[in-house]
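Just the one chain here, the form predicted on its own, laid out as structure tokens.
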């Protein structure tokens, strides 16, 4: 794996269920995220975004294909090695914020616990913890137990905890879903600051347009595949390894499912030209 690549998915497939009742959540995802990139995973509910994020965190095993993070092929690592990787190199924010926290410990206690792998002094860890609490508007809640915080407060604390030890990769599932616009903006600012100041690579699942706009690249997942990418404000379709292309939904009125089209090569690429409408007799 190239040293400048933080994440690589190679024909990643994940199937849930039992024989005869299988559901393919991921259908051959190819994805490369370079170190220092910020990527928003977009798409409708049930498209496979969270499943993909769980694979990047090493919380699921692929049915087929491979995932590499920080130069390591995750399928070759033991459970203990994956746990060390998450503690030392990956910050993870799961969609249910309470799952990211020690509910019986205080907000600052959670941040100090998250910094165990670092070589900072005790005083430096405490300064870092207070700074993170202030950045997400929880400076006054430092001594409150995490389990006593509201859902939105827990979500803000979860993001701060995930960034406490300055991970090389942040994986965040809907980091602003329970937040009001002011709190959401504070979380987005914290994520961007981690990228700009520490070089943290970010991959975030979100339905929040503000998250997509704040990150440098968008990847849209549809039906378990990468359907399109957005860069510099422009969207592009992605050609799959089997030649498939997912048209943007707004173009399906021109080429609805079932339409017969001819692919015509020319100097600048390939055009799709409708020959028969869906259901039209030939």
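All values reported here derive from a predicted model rather than from experimental measurement. Numbering follows the first chain given and starts at 1.
In what follows, reference is made to the form predicted together with a small molecule, a form of this protein that is not presented.
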property: Among 28-36, 253-261, 41-49, 238-246, the region lying within 4.5 Å of the small molecule in the model of the complex by heavy atom distance; result: 41-49
property: Contact residue in the model of the complex, chosen from 198, 106, 95, 118 - any heavy atom within 4.5 Å of the small molecule; result: 95
property: Contact residue in the model of the complex, from 72, 88, 130, 207 (heavy atom within 4.5 Å of the small molecule); result: 207
property: The small molecule contact in the model of the complex: residue 153, any heavy atom under 4.5 Å; result: no
property: Exercise: residue 270 in contact with the small molecule in the model of the complex, heavy atom 4.5 Å; result: no
property: Joint contact, 113, 189 and 193 to the small molecule in the model of the complex, by non-hydrogen atom at 4.5 Å; result: no
